[in-house]
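First comes one chain, alone, set out as structure tokens in the form predicted alone.
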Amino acid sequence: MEPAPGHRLDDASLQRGARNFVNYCLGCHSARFMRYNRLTDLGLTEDQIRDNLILGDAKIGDVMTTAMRPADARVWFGAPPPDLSVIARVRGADWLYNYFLGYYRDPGSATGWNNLVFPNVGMPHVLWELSGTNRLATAEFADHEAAAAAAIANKSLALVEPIPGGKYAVRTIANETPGSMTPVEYRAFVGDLVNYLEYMGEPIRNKRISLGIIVLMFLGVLFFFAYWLKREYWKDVH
């Protein structure tokens, strides 16, 4: 998998990710452990949140819920879309990043889409207008070492799996029709979205890390004085 770009201290990226989440994810997925007013931690004012991120009649202190009814979701998708509050803590940022990059056309699936990271996924590719459409590309190799080398040389998402005859196949995706974004722009878009999903999983993370560094520095200074005091107590014994 491609490594996800990490921008946990980039408030501008997190703000763009919140916008992407509201515009493309919140229609089906909820984030019932995340309140709108928590976005003020990212440098947004409550007025900016009301004007740009609250699309319905929700209040600034409400949690991010979807208008889709679970009964309708079961009919349309077979199961209600999962809540995304802590999805990044469950799946990991790299998994989510490559999941959004791994969609390709599959006429045999119910939605017309499939995914290299999540085979037979029930979720359609809601970002296809941005990314364009991709097709599945498969190459066969005689042994696992050659297939793994080809996957690494691809320098992007690739799946190595055994096939009949003792051979191995490397499955990648290739662009079929361009979208409204270039591949670089789409990766930046997905990177911002994944950054925000990771933030939602633990909004206090940045403060926790900075506080932890301060505590460790304090303990380091305290260790010096504690060691000096120990030497003073024990100098007559030694």
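The model shown is predicted, which means the values in this text are computed figures rather than measured ones. The first residue of the shown sequence is 1; numbering continues from there.
There is also a form predicted in complex with heme C (HEC); it is not shown, and the following applies to it.
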property	result
Partner-contacting position among Ile163, Val126, Ala137, Ala146 - heavy atom within 4.5 Å of heme C (HEC) in the model of the complex	Val126
Triple contact flag Tyr104, Ala158 and Pro183 to heme C (HEC) in the model of the complex, non-hydrogen atom at 4.5 angstroms	no
Contact segment among 19-27, 211-219, 225-233, 5-13, judged by heavy atoms lying within 4.5 Å of heme C (HEC) in the model of the complex	19-27
Partner contact for Arg91 in the model of the complex: heme C (HEC), 4.5 angstroms, heavy atom	yes
Heavy atom of Leu39 within 4.5 Å of heme C (HEC) in the model of the complex	no
Heme C (HEC) contact at Leu193 in the model of the complex, heavy atom, 4.5 Å	yes
Heavy atom of Ala79 within 4.5 Å of heme C (HEC) in the model of the complex	yes
Residues in 84-100 with any heavy atom within 4.5 Å of heme C (HEC) in the model of the complex	Leu84, Ile87, Arg91, Trp95, Leu96, Tyr99, Phe100
